[in-house]
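The chain below stands alone and is given as structure tokens, in the form predicted alone.
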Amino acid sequence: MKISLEEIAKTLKSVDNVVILIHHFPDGDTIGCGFALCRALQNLGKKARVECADEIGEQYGYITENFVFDDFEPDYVIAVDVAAKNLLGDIKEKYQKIDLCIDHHATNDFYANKTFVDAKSAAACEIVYEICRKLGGIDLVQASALYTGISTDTGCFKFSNTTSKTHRIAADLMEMGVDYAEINRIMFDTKSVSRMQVEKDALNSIKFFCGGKVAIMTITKESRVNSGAKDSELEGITGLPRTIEGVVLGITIRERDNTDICKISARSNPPVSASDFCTLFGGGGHERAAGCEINEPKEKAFEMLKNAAEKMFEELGIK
């Protein structure tokens, strides 16, 4: 069932003991949404906490350090920036009933009792920004979290999903005192030594197809183990293949630990839709950034992705 922003605000003012779920392999947008909304509820005197199946990266400490969560039985459960329930990871079984989903993915499958989706929003944090305003205003902790989500989901405002509204919201948050220069330095200009080692291995793995217009990169379990890199250190690495001149579709295969399942990320440039490509494997996302999972070893996943890309390019008439 769909719900309006006004109805969301009214509902959140009436409930208590709220758990906010963010997706596994958390990125800046889901983290920003979760913690900004949590802060808004806490500012109203309500009990609220954020839960995630995976560790939140240390680089987000400037957000998470402001929170101490109480243990309580939830009366209301919200998912933010989560297009499908399986994206919750290992906690999806814990929460069979999700009361509300707030999202910006056109591929949202409406698994929650009530859902608000605005696919025109560059980041789900743009939506949560509007909700927080309706809940009584935005403090500096919320503003920093929201700016983080907007900045990271737009590639520091250079992706095609960036709109004039995106800039207006970011400007408002900056005027609230957000240290935008430091946030962008942490998010875009700082990498650990272990992250650099994984990048080196991943770049060496890239193979090109379709006249150099498709690039497939593999991040192996072995590389992550040898480097000591945590999953939380690898955010953004999947965008590397698309940065190569001439590449229209960049695909990253990431082996999951202790399983043959591969996490697939696709990044595209016009006229290819990353979402359409990942839909072929039961996934989805945005036109320029999407993902899916393939329950096969990396070698088999590679062949499946290669064949699908070649067929798509042939059907689109891309030479």
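Superpose the two forms; the largest set of C-alphas matching within 1.5 Å is the rigid core. Each residue number is its position in the shown sequence, starting from 1. Note that the coordinates shown come from a computational prediction; the quantities given were computed from them, not determined experimentally.
Beyond what is shown, the protein has a form predicted together with another copy of the chain; the following relates to that form.
Within 4.5 Å of some heavy atom of another copy of the chain in the predicted complex lies at least one heavy atom of Ala170. For the chain shown alone, Asn269 is a contact residue for another copy of the chain in the predicted complex, at least one non-hydrogen atom being within 4.5 angstroms. Another copy of the chain is not drawn, but in the predicted complex it has a heavy atom within 4.5 Å of Thr162. Within 4.5 Å of any heavy atom of another copy of the chain in the predicted complex lies no heavy atom of Ile91. Among the residues Leu140, Ala106, Val225, Cys156, the one placing a heavy atom within 4.5 Å of another copy of the chain in the predicted complex is Cys156. This chain is drawn without another copy of the chain; in the predicted complex, the residue among Lys221, Lys120, Arg133, Arg185 with a heavy atom within 4.5 Å of it is Arg185. Contact with another copy of the chain in the predicted complex holds for none of Val15, Gln96 and Asn113, as no heavy atom of theirs lies within 4.5 Å.
Of the stretches 81 to 89, 68 to 76, 97 to 105, 174 to 182, only 174 to 182 has residues with a heavy atom within 4.5 Å of another copy of the chain in the predicted complex. Along 182 to 202, these residues reach a heavy atom to within 4.5 Å of another copy of the chain in the predicted complex: Asn184, Arg185, Phe188, Asp189, Thr190, Lys191, Ser192, Val193, Met196, Lys200. After superposing the rigid core, the Cα of Arg39 is displaced by less than 2 Å between this form and the one not shown.
Once the cores line up, the CA of Met196 ends up 2 angstroms or more apart between this form and the one not shown.
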